[in-house]
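Only one chain is included here, represented as structure tokens and corresponding to the form predicted on its own.
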Amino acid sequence: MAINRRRFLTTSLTASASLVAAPAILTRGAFGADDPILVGSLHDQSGPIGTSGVPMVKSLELGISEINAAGGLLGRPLKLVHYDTQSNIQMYSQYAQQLALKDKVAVVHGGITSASREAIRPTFDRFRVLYFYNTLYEGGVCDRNTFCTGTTPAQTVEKLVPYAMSKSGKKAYIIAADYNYGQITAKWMQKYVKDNGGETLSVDFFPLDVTNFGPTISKIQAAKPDLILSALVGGNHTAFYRQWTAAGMKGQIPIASTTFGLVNEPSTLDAAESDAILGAYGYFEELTTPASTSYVEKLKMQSPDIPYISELAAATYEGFYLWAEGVKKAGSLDRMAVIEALETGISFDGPSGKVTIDHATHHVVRNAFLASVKDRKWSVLESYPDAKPLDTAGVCDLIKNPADNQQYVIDI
């Protein structure tokens, strides 16, 4: 297949030869001791989700440059093989096969939406390529070949909903993106509203290309909730917050979101449009720990124009380093040897704090934080140390069932 060079970015500190020029007969074991270890990346850099993917790739580049500066892995340098998936699921499927069959990478970090993850996960299972999904999501993936380093609802939504209800009231109105992330996250929101003595007045879903929220705002005004819970996704859905303010609703009904602020929303919207919106994630750029400050400084020095550095970027950086720690412990790139090494409970002290792989779920135990937007920045209000992926743990046990490889829709 011909490669469009505008879509193909290869980052290397050690080699400039085109990876796709390698003879097709080469296998992973055929590379020499000095050949770079190839790290695959599938992240949108354009389209509706593109802004989310830019800091994720920048974090991979930072991690690779750091490890190469320290001598590489197993005595070999690392090299990034990245494809811009253009917010297009078909591109994900196409490039996943490219990474597995032609590039023959040692690992792939990628996928932003749950739809993109589920488009490529079977490919990496089939061709036995280790896969890391580093995005917060709805939970339930149970696959020995896959490691998930982003937060799940039990780590964040379970904290966000009762906090928001305590500040506003018990009647909630839910708006969410119309695919599996939004649909399942909305169910978790309804559960936590009910668990905390509240009532969900309505749940509305929106395709990713929807930008006109006028009719929905009218419905919300008629319903008179105490609180809006939002799981809207991507640049198009940011229009809701601007239209909400334009309708005179800002300040009348508070908003808590599982997705707002993952990209540049607080800095791109006016303070009047974003102030007081609540969010809960595994990382905020505004964290002032030495590890967080150092990570942000290095990333901004490397990429001065980088968008907001959210959990998406931090979890990608941490996922990359967890994989590297697995390779070190295994002393090998062999996929099963690395998986077994990771399953020993490997940890990494990253910008969000200590992140530890849970053997049974292949998710991570990690810190979570709750924050509110103030003057176009996040102000961290609460911290939740060592939050466990209890939702996925309820349906996934890879110790007892190591051959499992599906995403469960958790019975909520």
Partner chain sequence: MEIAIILALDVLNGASALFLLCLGLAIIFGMMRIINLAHGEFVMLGAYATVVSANAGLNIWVAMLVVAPLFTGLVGLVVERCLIRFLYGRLVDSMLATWGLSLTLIGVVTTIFGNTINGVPTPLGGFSIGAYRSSWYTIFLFAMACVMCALVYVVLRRTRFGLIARAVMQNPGMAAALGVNPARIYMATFTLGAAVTGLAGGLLAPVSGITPVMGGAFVAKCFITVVGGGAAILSGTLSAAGLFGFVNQLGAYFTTPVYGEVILFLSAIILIRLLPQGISGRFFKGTL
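Numbering follows the first chain given and starts at 1. Quick caveat, the model's predicted, so the values are computed rather than measured.
Note that the form predicted together with its partner chain isn't included here; everything after this is about it.
Using a 4.5 angstroms threshold between heavy atoms, Met301 stays clear of its partner chain in the model of the complex. The closest non-hydrogen atom of Ser166 lies beyond 4.5 Å of its partner chain in the model of the complex.
Under a 4.5 angstroms non-hydrogen atom cutoff, its partner chain in the model of the complex has Gly234 among its neighbouring residues. Proximity of Tyr179 to its partner chain in the model of the complex falls outside the 4.5 Å heavy atom cutoff. Interface residue among Leu101, Ala115, Ala276, Ala247 relative to its partner chain in the model of the complex, by the heavy atom within 4.5 Å criterion: Ala247. Checking Ser292, Gln190, Gln97, Thr216 against its partner chain in the model of the complex, a heavy atom within 4.5 Å turns up for just one residue: Thr216. With the partner omitted here, the stretch from 133-141, 263-271, 103-111, 279-287 that lies within 4.5 Å of its partner chain by heavy atoms in the model of the complex is 263-271. Site residues Pro55, Arg76 and Gly331 are none of them in contact with its partner chain in the model of the complex, judged by any heavy atom within 4.5 Å.
Contacts to its partner chain in the model of the complex (heavy atom within 4.5 Å) from stretch 39-68: Gln45, Ser46, Gly47, Pro48, Gly50, Thr51.
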